[in-house]
Structures are given as C-alpha cells and as structure tokens.
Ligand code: GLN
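So this first bit is one chain, no partners, the form predicted on its own, shown in structure tokens.
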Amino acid sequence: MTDTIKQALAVAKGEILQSDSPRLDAELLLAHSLSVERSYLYAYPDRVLSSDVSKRFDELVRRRAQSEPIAYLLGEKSFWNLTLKVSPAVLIPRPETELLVETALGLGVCAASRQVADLGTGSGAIALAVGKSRPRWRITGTDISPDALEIARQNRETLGLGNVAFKEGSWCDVLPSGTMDIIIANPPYIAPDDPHLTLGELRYEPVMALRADSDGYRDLQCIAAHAREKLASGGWLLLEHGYAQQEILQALLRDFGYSDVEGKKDLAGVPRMVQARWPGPVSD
C-alpha cells in the first residue's frame, strides 16, 4: 500500500538523520516530487501518493540521507532575494556571502553608475544580486568553468537582467585594465589538508571552488595582486575569506599597497570578508 503524505514524511524524517532539519528537508523534497508548494502538504496530509511520486521521493530521501546537499536535489537555492538554479557544477550560494553584496551596494550607494566585477561567479549569485539591486550598474561575472557559466547565464535569462554579462576566464584576466569601481570575489580558501573537504555536504561541491594551496591563501593572494591592474583609482576590492584568515589577509593587502583596509563580520559574528581601496598608480 502506498503511503499518504503524512506517513511518507514521518518515515523520511527518520531516515535523514545527518541533517539539522530533517522534517524541513523531507517536506521540501516531497513538495518537489509532487510539484506543489509546502503548504499543500499541510492542507492534504491524507492524500495517497502515486507509485511514481513515492519512488521519486524515496530516491531523493536516500540521496539526502547520504548528505547530498538539498540545493542540488531541488536544483535551486535562494540567495539575496533571488531563487537561483544550481547544479554540482557550481558552489551552493551561502547566506554569509550576502555580506559581499550588502557591502558592494553600500560602497556605491550614491553612484548612479558603477563598473563591478564578480570573480569566480559560479551560479552568478553575487553578480545577479548586485545587478538586480542596481539596474544602472554594469556587472561582469567571470569564471574558468564553462559549465558554471552556463548555469549563471540561465539564471540571468530567468531574471531578465540585461546589465549583467558573463565571461570565461581566470579571475581578472578578461577584465579591461583600470576600469573597475568594485571587484568582488568569494574564491577558494580552504587548505588542501582540511578534513572538512571530505566530510558531509562539502564532498559533493566542486573542489576547485573550495580548495586553495598555500594554506588556503593562494587564490586570495592572486586576486589581490592582479586586481590592482583592473581597478580604477579609488576602486574597491571585496574578498570573502575563512574564519581564521582575516588578520593575515589584511596585512597582505596593505603590503600590496591597498589603503582603507577593513575587516567585517557576518551576522553570526564570524570574521567573513575584507574590503580595501586601491589608490591607483603612485608617482615617483
């Protein structure tokens, strides 16, 4: 006998043991399997599931029980005020990364127009959030992965944003020199030997978007060095980093000649990003 919605949720909740929110995960997966909103599950708890829906739901629950991220199972993730398509080709957007968007918007609050770059754009989350919030700004997202860029472009088309462009290339390489008012990046910053890379949900995400050599600083250092060539005088560099990297990153930026270097914490009180201004060429 096929389960009802209520029965199926009860069973699934008991199987998704590794999750911090097994009931919510089960509801999201069942609503997805039924192509309905979550509220439907509460309105019709005694509806009997078809065999096709039951099989689809059971498979999603099995994968979730193995720690596969629910965003990949659903094929979407909320970020800022957007719903974005995601796949295993892109890093799942995190709520704490919204601090980069908030900071960028604040730095240009009085500017009618800005040239902004989002390096390693992935799903396009940062670029699209900034572009949606500031329609007159011009945003360029770069990524070395064609598969990631395809996801980003699909998200752009869904949102109908004509002020956001995506280009294939490594970090700053495809940006014109001396033009960017703000460069934003959430690069890989996890050290290669960090055990978290092989545990839980992280093992399903693209390792190239997570792991960086030199104890996690390689890409942060590379971006900091090359962004100087792409920023306009007085332009800003915003970098997300690991929880223990802020002090060293601030010192690195000052050594590279940046000014107004400031660290920021996310809503959980964790050191999360650094902003720094590039003063431009220094005369002899």
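Owing to the predicted nature of the structure, the values given are computational and were not obtained by experimental measurement. Residue numbers run from 1 along the displayed sequence.
Absent from the display: the form predicted together with the named molecule. The rest refers to it.
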item: Exercise: residue 189 in contact with the named molecule in the predicted complex, heavy atom 4.5 Å; value: yes
item: Contact test in the predicted complex: residue 219 vs the named molecule, heavy atoms, 4.5 Å; value: no
item: Distance check, residue 91 to the named molecule in the predicted complex, heavy atom within 4.5 Å; value: yes
item: Distance check, residue 209 to the named molecule in the predicted complex, heavy atom within 4.5 Å; value: yes
item: Among 149 to 157, 132 to 140, 181 to 189, 81 to 89, the region lying within 4.5 Å of the named molecule in the predicted complex by heavy atom distance; value: 181 to 189
item: Residue among 202, 99, 74, 107 with a heavy atom within 4.5 Å of the named molecule in the predicted complex; value: 202
item: Partner contacts in the predicted complex for 219 to 255 (non-hydrogen atom within 4.5 angstroms of the named molecule); value: 240
